[in-house]
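First, one chain by itself: the form predicted alone, in structure tokens.
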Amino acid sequence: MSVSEMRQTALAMVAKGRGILAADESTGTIEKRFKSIGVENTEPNRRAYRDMLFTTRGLGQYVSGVILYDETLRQSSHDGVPFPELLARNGMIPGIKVDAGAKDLALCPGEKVTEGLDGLAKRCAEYYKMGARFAKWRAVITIGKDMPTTTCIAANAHALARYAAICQANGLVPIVEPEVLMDGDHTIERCQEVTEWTLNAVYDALYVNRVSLEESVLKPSMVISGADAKRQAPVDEVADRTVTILKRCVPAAVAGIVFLSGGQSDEIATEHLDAMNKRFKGNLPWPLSFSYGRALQHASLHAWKGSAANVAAAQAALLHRARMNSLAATGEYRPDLEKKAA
């Protein structure tokens, strides 16, 4: 894919009112999700679940692209259409998770670095041939006693930048995902400080590694209170602090920003995104949208329960959440719309 094609893809990924469905759960992660509904974690069940998601009629109106796991990229729908082709037919761009997961960072107890650079160029070339047009790599930053360390921030920024460069060299638009975890009892002020530090390090590394920002998308965490913090910051404060940091750290050239939900509840993730777009509409250099996994799938998964008889209800639940987040991406969401749907 040429630079101009990658740029068109990046812009299409963040088109007005559309976001990204993260359906890239590893086999281990999907097992936890399936356990919650009493479904066995088998390849046919994983395929059936993703088939239910991807064949939802009208989903492409709200979802611009779908991040897939390696296994899913190679699977087909119940009527034999390869998933990448199925998504493209329905107006959604196929993407692929390319990292090998967060592993213990040597000499930094409690911290992680994401691995997967070995052989990445070859994998990216294969994924492109299979229909993928963008990729994702997630780095995790933990806030805790004496954490994060400069070592952790630098190692993850470097890995993200090397990944992004390799993707672009092979025609894939990189989603750059530095997640500051919400685990812990830290304040929102501490989260803001660490998020700013992380994003500055990431964009320094992207520059050093010659990554073209116009053909990239940022997937950050929001600036929120730690999950166990005594004070949970209200929605407007989360919106203000998050946008403040983005304006300080993210170059205007970046194609767009799609937030991860990071363990927030479905509706809170939607409310936070909506507040940012309501308060700063027209005053930002990039669109703010969503790239949610659990916060898009949770209601749908629990409606499905592994039964073909429940597919219509599960798809309705997914379409509703996608529509709510589409409205939030343009600052037009209202909580009463949830009640009307219920």
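None of these values were measured; they are calculated from a predicted model. Numbering starts at 1 and follows the sequence shown.
Not pictured, yet referred to below: the form predicted together with a small molecule.
Taking non-hydrogen atoms only, A328 never approaches the small molecule to within 4.5 angstroms in the model of the complex. Taking the partner from elsewhere, R133 is found to have every heavy atom lying beyond 4.5 Å of the small molecule in the model of the complex. Under a 4.5 angstroms non-hydrogen atom cutoff, the small molecule in the model of the complex lacks G306 among its neighbouring residues. Not displayed here, the small molecule is approached by L260 to within 4.5 Å at the level of heavy atoms in the model of the complex. Think of it this way: in the model of the complex, the small molecule has a heavy atom of just one of H302, K278, R294, R47 within 4.5 Å, and the residue is R294. Contact with the small molecule in the model of the complex, judged by any heavy atom within 4.5 Å, is made by just one of R241, H186, H272, R138: R138. Contact with the small molecule in the model of the complex, judged as any non-hydrogen atom within 4.5 angstroms, is confined among 35-43, 285-293, 51-59, 307-315 to 285-293.
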